[in-house]
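Listed next as structure tokens is one chain, alone, in the form predicted alone.
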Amino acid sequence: MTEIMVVAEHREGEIREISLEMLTKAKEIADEINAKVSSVILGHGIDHLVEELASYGQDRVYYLRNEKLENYTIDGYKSALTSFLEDRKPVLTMIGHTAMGLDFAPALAVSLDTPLVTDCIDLKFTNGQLQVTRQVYGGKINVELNVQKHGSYIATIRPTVFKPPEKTGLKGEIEEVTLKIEGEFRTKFKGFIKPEIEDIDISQADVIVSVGRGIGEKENIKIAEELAKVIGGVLAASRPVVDNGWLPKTRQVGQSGKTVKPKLYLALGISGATQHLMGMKDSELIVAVNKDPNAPIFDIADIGIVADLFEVVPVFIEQLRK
């Protein structure tokens, strides 16, 4: 039977969100083309992650197990997945458009002689041919592309585009594949290096107070920081604030920063450049405060307040404290 394969990504003992997001789209496509959905996870000593992955309702989870796959390397993933996918022959292999996915996906596609399409925000099959949606011109335009007809495809999927599924309680079948990998890899895992300034991961926050050029100067960020503390959120920023050195790069929202989708995104003095909007447009509730009534941020805001943020924010803080 036709099979769609999701390559699950994990790091430091946790399945990454993109792995689950891809399952959502894979199931949607599978229903349309009458296919099965499977995922494949590589590693060693990760039985708990395999069990967790299986609880999200796909038909099968393949566990490619080998001591050499305990940590990610491009050589290890390419070698293991090449032989595995040659045997399974899925119609579509989905990989996260992440640092890891972008590292090994091209090499895997060359090894399998399979078409590769990157940074997809949507996919579908029409008459057996893969059609994908990508963005061009900095996210200003969506384009639909027909991929050259082939028996199998590889696509990398942009994170946060699809919502992860809920755990179903029905576990898919788990098939453990013990691999024999001979020889040494050219690349070796040395360890994780985290930025020293990474005090919080804004991509995991439920409430974000984000400041833009309208904040004026570094000293004024204190008022937004106070609001974030009162409302139980975290402080973030658009690129101009980070470029000025007022907040660290880890707090930047946008295409060149982090993609976020909190329950509440409060934009203060942010005009709404396309690159910034692409990083936060999927937030559940967007509240924007800006003096310019024509600011692009109002096009996607659920609630827009045309006013000086220095007049509005103190009122927010006062009311919230009450």
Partner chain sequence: MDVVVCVKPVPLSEQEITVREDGMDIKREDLKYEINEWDNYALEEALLLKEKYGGKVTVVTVSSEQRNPEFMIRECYAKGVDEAIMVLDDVLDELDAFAVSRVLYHVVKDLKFDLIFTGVQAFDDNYASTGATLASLLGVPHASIITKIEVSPGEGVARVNRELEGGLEEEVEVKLPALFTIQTGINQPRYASLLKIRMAMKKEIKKIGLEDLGLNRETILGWRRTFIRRMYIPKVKKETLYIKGAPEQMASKLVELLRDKGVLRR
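Source: prediction; values computed, not measured. Residue numbers count along the first chain shown, from 1. Between two forms, the rigid core is defined as the largest C-alpha subset superposing within 1.5 Å.
The form predicted together with its partner chain is left out here; the points below concern that form.
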item: Selected contact from 181, 174, 231, 177, since only one has a non-hydrogen atom within 4.5 angstroms of its partner chain in the predicted complex; value: 231
item: Which of 36-44, 59-67, 22-30, 254-262 lines the interface with its partner chain in the predicted complex (heavy atom within 4.5 Å); value: 254-262
item: Residue 301 within 4.5 Å of its partner chain in the predicted complex, heavy atoms; value: yes
item: Residue 72, heavy atom within 4.5 angstroms of its partner chain in the predicted complex; value: yes
item: 4.5 Å heavy atom contact, residue 51 to its partner chain in the predicted complex; value: no
item: Close approach of residue 139 to its partner chain in the predicted complex, 4.5 Å, heavy atom; value: yes
item: Interface residues of 26-54 toward its partner chain, as seen in the predicted complex [heavy atoms, 4.5 Å]; value: none
item: Core superposition between this form and the one not shown, C-alpha change of residue 228 at least 2 Å; value: yes
item: Core superposition between this form and the one not shown, C-alpha change of residue 70 at least 2 Å; value: no
item: Displaced residue check between this form and the one not shown: residue 206, CA, 2 Å or over, core reference; value: yes
item: Cα distance between residue 228 and residue 160, which in the predicted complex differs by 3 Å or more from this form, closer or farther; value: farther
item: Inter-Cα distance between residue 98 and residue 276 in the predicted complex, nearer or further [3 Å or more]; value: closer
